[in-house]
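We begin with a single chain expressed as structure tokens, specifically the form predicted on its own.
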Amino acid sequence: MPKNIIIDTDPGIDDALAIMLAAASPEVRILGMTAVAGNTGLEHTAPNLAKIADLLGLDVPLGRGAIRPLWRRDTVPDANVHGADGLGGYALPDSQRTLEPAVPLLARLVEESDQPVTIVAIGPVTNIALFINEYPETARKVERIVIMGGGARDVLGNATPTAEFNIYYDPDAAAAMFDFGVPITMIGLDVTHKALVGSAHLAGLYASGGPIATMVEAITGHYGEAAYSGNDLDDAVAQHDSLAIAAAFLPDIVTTEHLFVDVENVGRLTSGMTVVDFAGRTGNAPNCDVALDVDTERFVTLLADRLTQLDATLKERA
């Protein structure tokens, strides 16, 4: 039976590929998707979500969520990575869909689901914190939250030396989420930086020339130039968000350890840092399955194959 998931996202280039992977995977049933500000402003992420849903033919409810962090006003999108519009300037047709308020939508989808629900949060977790605060009893029915965020060991930050962007953007929301008690899987930068995908892996997709091929080639090209230029990685880019989607339905694609995680939300130099208690020094019970490694070959093959299949399907429908 497919796993019921809700995707909370800030599209975003790698978010777009992650949504494509979910749409192409029979192991999951997407109940709905909600947008949050992050990679770019909500005035772009919400329309981007609707446009991507239209492209993929996803007939699911969509939500428009938090326009800013819970209370901070000093964290802003990085237009250099995803472009001002979030998709590196790649133009998709405007959508006529109406987006619901995200937090009530999250609650409704969880309550109405006939199976346990996993939320896959691949942007800042502001919507998740608001959901927890406004609908705590419903939020406790969530089976698991899989997040793309943070870092545990080798690579801690891309927003600051110690903070990954999604957590840094709204550390107060992240701290509330980790404290809530719902099972969490954290897919951090030290693992996603091993999930590198380049044109050699996607040659079959690009050769097909369909709508997914055209979009993926364009947006990953922008992503590579903006985020990876000078890093001697050829044209391979880390597929952060797609790995979180994959881990939601193939949990053994990553190696995890059950550990206590908290978020630094007051530090002058370390705000947004995910503090992972490997040695048990805090005395706190573990609250998170922390990804520490990934089966890179399996992930890359999965992503390439599923995107190619999706492209072929959409070409047939056209």
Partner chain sequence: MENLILDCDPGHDDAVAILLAAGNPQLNLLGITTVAGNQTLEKVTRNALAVCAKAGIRVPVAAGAERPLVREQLIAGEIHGASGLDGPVLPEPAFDLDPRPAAQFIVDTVMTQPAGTVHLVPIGPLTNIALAMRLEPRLVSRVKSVVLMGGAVGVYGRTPVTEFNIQADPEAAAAVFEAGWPITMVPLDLTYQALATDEVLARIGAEGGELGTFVVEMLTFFGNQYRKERGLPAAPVHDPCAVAKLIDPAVFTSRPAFVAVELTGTWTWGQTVTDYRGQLGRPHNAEVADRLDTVRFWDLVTDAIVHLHNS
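Here the structure is a predicted model, which is why all the values come from computation and not from measurement. Positions refer to the first chain, counted from 1.
Keep in mind the form predicted in complex with its partner chain is missing from the figure; the text below concerns it.
Asks: Using a 4.5 Å cut on heavy atoms, which of 185, 158, 95, 75 is close to its partner chain in the predicted bound form?
Replies: Contact residue from the list: 158.
Asks: Using heavy atoms only and a 4.5 Å cut-off, determine which of 30, 70, 56, 276 is in contact with its partner chain in the predicted bound form.
Replies: Only one option qualifies, and that one is 276.
Asks: Can you tell me whether residue 260 touches its partner chain? I mean in the predicted bound form, with a 4.5 angstroms heavy atom cut-off.
Replies: Yes, contact at 4.5 Å.
Asks: Please tell me whether any heavy atom belonging to residue 264 falls inside 4.5 Å of a heavy atom of its partner chain, as the geometry stands in the predicted bound form.
Replies: Yes, residue 264 sits close enough to its partner chain in the predicted bound form that at least one of its heavy atoms falls within 4.5 Å.
Asks: Give a yes/no on whether residue 285 approaches its partner chain to within 4.5 Å in the predicted bound form, heavy atoms considered.
Replies: No, no contact at 4.5 Å.
Asks: Would you check, heavy atoms only and a 4.5 Å threshold, whether residue 256 touches its partner chain in the predicted bound form?
Replies: No, residue 256 is distant from the partner.
Asks: Residues in which of 286-294, 48-56, 264-272, 22-30 have heavy atoms within 4.5 Å of its partner chain in the predicted bound form?
Replies: That would be stretch 264-272.
Asks: Using a 4.5 Å cut-off on any heavy atom, which residues of 235-257 would contact its partner chain in the predicted bound form?
Replies: If the 4.5 Å heavy-atom criterion is applied to its partner chain in the predicted bound form, 235-257 yields nothing.
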